[in-house]
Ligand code: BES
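Shown here is one chain on its own, the form predicted alone, set out as structure tokens.
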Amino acid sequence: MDADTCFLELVRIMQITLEIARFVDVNPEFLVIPVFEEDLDLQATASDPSRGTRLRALREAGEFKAGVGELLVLYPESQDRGKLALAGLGKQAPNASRKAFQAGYALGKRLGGRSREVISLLIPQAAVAEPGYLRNLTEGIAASQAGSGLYKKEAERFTIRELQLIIPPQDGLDRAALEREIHQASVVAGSVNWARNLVNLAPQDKTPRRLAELIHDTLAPLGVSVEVWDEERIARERLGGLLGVSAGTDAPPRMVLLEWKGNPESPALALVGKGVTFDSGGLSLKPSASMEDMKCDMSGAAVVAAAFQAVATLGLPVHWRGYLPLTENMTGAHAMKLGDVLTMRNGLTVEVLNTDAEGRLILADALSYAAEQKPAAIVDLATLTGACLVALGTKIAGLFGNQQELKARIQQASEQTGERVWELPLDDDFAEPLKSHFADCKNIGGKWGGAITAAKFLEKFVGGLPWVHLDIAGPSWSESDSSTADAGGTGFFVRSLVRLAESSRSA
């Protein structure tokens, strides 16, 4: 199976429909009833005693506790009834919508373990009432339809052809708004999976040139302007960091520029994504174990490209520009050496004292060029430092920024999706370790605060514009399979960037 075939086969398509109906009036082939832990009485079943009594008895007996990922399938007592299943949503705590994506993902994975053509989901009233819950739950179910086995001969998950969402009639129910929410969820989940697939592609199938082609071929038909610079153009544009990092590989670099003019008159947001398609560490060579997952070092670029895909598909009236520097970091004869001095796009010189601190070098060029275009704000995403993993673990991204309003908007989008971020300091004293005797600065700081000194390095290249840096080294990759995630790329922050675009539209 070639790379193009295996890539396309894992871009799952699920039809999602909406029906307003009472529990007693529905009898689909397979009805799933999602349940919160607190719903001991199974309120959704109250209108149908014949089925509800059986389900409530199992619930009260402790056979089903409604934990996330729990699924209890009951076969029909008579031929005129379809299968029933109880699915756990976990606790209905305040702000439960933040965990709805994980609950949906776990449910979708369980349902995808067997071939099922049509699944009907009876949505609890509480899930409809809480803002954002239905959308996040639906995004999770839809995103779960793609696993990580792009290169496996046999599909590791069955795809649900149709997901029917059944919502009981309620006063004030806005069907059009619900259908719009479901459509948004379907589109965004598809973009999350595109980002995941890009990350999960083997390094030989996503060289900088090939990755640029995949991005162009996907986004250009959607109306996104896509410009790709080859190595000669990169040299003419004085992207010294990108040229320096790419010097050790025979796979030439690319710079991808994106623009979506959903509303050309609105203030432009610049999105910058780190795109190291494989990171060996260069001459500061990584240990083998640390290199195994380094195909994921282009997650920032994948997330930015996928967010453009969603925003363009939804036709959101925003003005976005994207900047994706793409390269490998290898150990060839011309690789960067410790002590080399590179000149960045904005003229600053950088002494290279660790070739494994390469991401900030290519981002420096992209940020400099983005700043020259005078956007209203800049957001960059990068799997930048292991230090951020040490500080925040594998589920939370580090957030840094120079403007409170922009940071607050990013945090608000994060809270809506449950893609967690945590702000770390950006104090001026962290710039001290970056001083060099031989150049304007060096590309590493001291022993401590590595994620912060990396952010302070990037700050030198944003021209004083409003800027947020997201270090997504932890949550962009899942090392193992779990009920709420598949091993490999996660597509982390695609959903939040789309929410950011939506909030910009309504501002």
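Note that residue numbering follows the sequence shown and begins at 1. Computed from a predicted model, the values in this text were never measured in an experiment.
From this point on, the text means the form predicted in complex with the named molecule, which you will not see here.
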So which of Ser144, Thr383, Ser246, Asn136 reaches within 4.5 angstroms of the named molecule in the model of the complex, heavy atom to heavy atom?
Thr383
In the model of the complex, the residue from Lys407, Lys83, Lys286, His216 that sits within 4.5 Å of the named molecule by heavy atoms:
Lys286
Asp279, Asp356 and Arg360 - do all three of these have some heavy atom no more than 4.5 Å from the named molecule in the model of the complex?
yes
The chain here is shown without the named molecule. Which stretch in 257 to 265, 95 to 103, 386 to 394, 302 to 310 comes within 4.5 angstroms of it in the model of the complex, by heavy atom distance?
386 to 394
Non-hydrogen atom contact Ala413 with the named molecule in the model of the complex at 4.5 angstroms:
no
4.5 Å heavy atom contact, Met294 to the named molecule in the model of the complex
yes
Taking the shortest heavy atom distance, is Ile444 within 4.5 Å of the named molecule in the model of the complex?
yes
I'd like to know whether Ala473 contacts the named molecule in the model of the complex, with contact meaning heavy atoms within 4.5 angstroms.
yes
For the stretch 263 to 277, I need every residue with any heavy atom inside 4.5 Å of the named molecule in the model of the complex, listed N to C.
Lys274
